[in-house]
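Take a look at this one chain, the form predicted on its own, written out in structure tokens.
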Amino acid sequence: MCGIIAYAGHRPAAPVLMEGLRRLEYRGYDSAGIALAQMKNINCFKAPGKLAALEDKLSAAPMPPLAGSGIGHTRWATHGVPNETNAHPHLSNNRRFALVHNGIIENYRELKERLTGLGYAFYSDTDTEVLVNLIEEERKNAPDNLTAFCNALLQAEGAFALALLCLDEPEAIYAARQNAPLVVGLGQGENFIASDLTAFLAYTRTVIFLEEGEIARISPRDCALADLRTLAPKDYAAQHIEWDVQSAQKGGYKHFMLKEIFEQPAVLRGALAGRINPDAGTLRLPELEGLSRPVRLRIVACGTSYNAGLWAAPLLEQWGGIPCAVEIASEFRYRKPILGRDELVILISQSGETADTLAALKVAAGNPCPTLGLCNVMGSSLARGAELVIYTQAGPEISVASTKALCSQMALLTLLALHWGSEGGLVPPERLKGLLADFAGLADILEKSLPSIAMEVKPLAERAANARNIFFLGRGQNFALAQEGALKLKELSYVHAEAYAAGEMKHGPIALIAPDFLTIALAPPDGHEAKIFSNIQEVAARGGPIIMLGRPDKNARFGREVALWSIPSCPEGFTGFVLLPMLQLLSYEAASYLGKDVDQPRNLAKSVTVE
């Protein structure tokens, strides 16, 4: 969840580190800092709050000759409150080592007690300060910094991605990963380490994704990898990344979130490109070659990705003809599920680094079932750990609130349903051809509709922003979208919202309905209209205000309590791809109206890499 950037090269390190930290802001953070190897000292600059506070610190400090190596960090608090003392980097007692850390050292209390007994002093509440002092202690008997680094890490339990600066090797940076992402960037006369490759895309797109239990040493001239346990050197294969800096910039939009909502037509085209031929009525998913048709499906994910699974499950059963269960990864990981060879476990994560989803992958891997990772980031832990992987190809998603990534997940899950439906004979060739043609035309419909949706939502978003509590109601697939709508409104505007399967509302929650309790009802033409209309009537009869996402010709039956938001016309079975940006824009505009930080909501991080 925290952001790491490290640099060793021919440029002044401080500007490179600050630029990298700015590109990592989207991950969410509460403090930031950098450490530089300057002359005979490691100088550390830290500040709570936004990067502007750290920039003020740097501009006010008398700067010795500019360093060519350093480490930087944006912190999302796990141990200790957000303040300057707890901010990273942390220095060892002898000030010869500086460390930045993403993850949690679970046995830090025991390590701290031992080090305290040896005379070490601690000034922060963090587990990271314990680790950097453990490195100092190990260095007393180790022949070099690499051995001391590894010996300390072998005593640490939990998750970590680390970058270490050593005073006696001022040009070098050491790094290691265990259950947390870390990537190396290879440049000309300079090398980088980061928790996310967007931190150094301005300088290089040649990368090495560190594997579990790997350590790296970079300098301006070279990069070397080794095994954490044995110190044996390891070969590596660098990869070229197609993303560029422009893809991670706002492009004239006020916020990254708004830009990414409007990128969804392009995301749909990218997801379908090379996979379908609507004219021929053919669908090809080469990623599934060699996989037998599953008898059962188990989708495991967190947050928005979990909602993608909930949305897709009815399609996978109706079109694909395969029973499908959807589970929350943070619950699944602590169970002992019975998974047979004929069951496919699909794990979904935008980043491919979600800690609970990766833990669920380990649970699934302990069974004879195959695993399929659905993720957006090439080389991510999920992509490398699952037996099969499908990349959603949404491009970099910067805003903490996921938008286009969900659209891409829905698109790929739809293709899976059609693939298995065609394979199993439930979707005959002519039916498949028609559905693929409809799917292919969806991006154009969305592109034409988004500007008007964005205009129409503003007064409705104001009503949502002023509500104290909100119900989102839906049936079938729309219940999953209702959950996503409630989630987005909560995380962006901090307005309390809950989603209910509409038929469940009268089993208790209807007691909350009152004139100041807003209901947002999803009522597209999907076969559930009559039932959802009954639920709307029940709310209206109790004086509850309602925003209905539905068809204009169906609004005459309701009174003034119901405000209609017209759903643009689209092919049957694909309405969810239009409802999704409507709900996203509702939450975006409500948060904007309230003056919230849309791209970086409080307490949230882009990739949840800790439990």
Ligand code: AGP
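Note that residue numbering follows the sequence shown and begins at 1. Quick caveat: nothing in here was measured; it's all calculated off a predicted structure.
Only in words, not in the display: the form predicted together with this ligand, which the text now covers.
Taking non-hydrogen atoms only, Ser92 never approaches this ligand to within 4.5 angstroms in the predicted complex.
Taking the partner from elsewhere, Lys488 is found to have a heavy atom lying within 4.5 Å of this ligand in the predicted complex. In the predicted complex, Pro220 stays away from this ligand, with no heavy atom inside 4.5 Å. A residue is said to contact a partner when one of its heavy atoms sits within 4.5 Å of a partner heavy atom; Ser380 fails this definition for this ligand in the predicted complex, lying far away. From the list 466-474, 430-438, 171-179, 401-409, the contact stretch for this ligand in the predicted complex under a 4.5 Å heavy atom rule is 401-409.
The listed set Ser493, Gln264, Asn535, Ser351 contains one residue whose heavy atoms approach this ligand in the predicted complex to within 4.5 Å, identified as Ser351. Of the residues Asn151, Thr198, Ser330, Thr304, just one reaches this ligand in the predicted complex with a heavy atom at 4.5 Å or closer; this is Thr304.
Residues of 440-464 placing a heavy atom within 4.5 Å of this ligand in the predicted complex: none.
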